[in-house]
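Only one chain is shown below, in structure tokens, and it's the form predicted alone.
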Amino acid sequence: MENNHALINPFEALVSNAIARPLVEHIYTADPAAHVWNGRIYIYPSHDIDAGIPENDNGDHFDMRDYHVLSMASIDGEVTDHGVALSVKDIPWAGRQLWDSDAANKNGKYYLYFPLKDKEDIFRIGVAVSDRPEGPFTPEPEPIKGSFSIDPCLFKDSDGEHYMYFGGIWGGQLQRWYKGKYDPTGPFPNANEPAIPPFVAKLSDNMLGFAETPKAVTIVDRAGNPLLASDEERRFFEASWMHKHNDKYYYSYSTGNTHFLCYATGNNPYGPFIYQGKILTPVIGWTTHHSIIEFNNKWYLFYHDCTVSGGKTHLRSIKVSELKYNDDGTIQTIHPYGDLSPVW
């Protein structure tokens, strides 16, 4: 008798067992930064395209050229694509490669923050402004002074102050700033040294720059020791996000090449943050990138995987799943494919 179980494609089994559907499939989207404004969810994702560039650890195959803004009135409702909000061709200081973006609003204005390689091929972070959350956005003529690397996350604290968390190693160039200034050779710490940290800076009142020199964000274990460079299942790689729950600061991030979303908690926006655990186990694709919001008294995790593209790591699709807390404030780990998981 034929064993039908042997005919099951492992990839198809993962996709069929996924707990969340892609929010849109007419374009490839990744790195979803979600915010609730005016009673509606606005999502600021990357826009993936297939540029025909071979994959490498520098991420040259992620040749993103514009941003679309998505919105939805409910988690299960229709998703509106508001079209191109900002294009690389309209940014005066552009070199190449837009990466993950985020947005903020203040006094009726909306601000889109984006990483982009300048004409010297160094990642800087720029800002563009609009009167509407969906854009279109008009970029400032120069990047934010003192900015570097990728993955800006904008966090508005309870007192109204805005902070930007940012940084990403490997293709995100954070290792090139490891010694405090730009070094194109990009040295990494030794395995027994503290891992390369992300950074945080309070924003200026006009939201167009830093109000201070960016500070390193320290992630420590429960004994207060900084996570080491060799601790690849827990150390920071990219994809900062900050949110508050019951007055506690939750800093979350991607471990990159080990494919986890992890989180750490602290008592103020600067940390240090104590490592707590994993939010999301590995997805189909090289890694994932996320945001966390509260909407209608529930919490949600927005993330991406590569199920729609058949596992092509540079063609991703955003998803959303409910996020739940335990009574002690820890986050319940989400397994995106149930009992199945990708094999790395």
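Quick caveat, the model's predicted, so the values are computed rather than measured. All residue numbers refer to positions in the sequence shown, first residue = 1.
In what follows, reference is made to the form predicted in complex with a small molecule, a form of this protein that is not presented.
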With the partner left out of view, is H304 within 4.5 angstroms of the small molecule in the predicted bound form by any non-hydrogen atom?
yes
Does W99 make contact with the small molecule in the predicted bound form, using a 4.5 Å heavy atom cut-off?
yes
Considering only heavy atoms, tell me if V127 and the small molecule come within 4.5 Å of each other in the predicted bound form.
no
Flag Q276 as yes or no: does it have a non-hydrogen atom within 4.5 angstroms of any non-hydrogen atom of the small molecule in the predicted bound form?
no
Please identify, from 195 to 203, 131 to 139, 213 to 221, 148 to 156, the stretch that has a heavy atom within 4.5 Å of the small molecule in the predicted bound form.
148 to 156
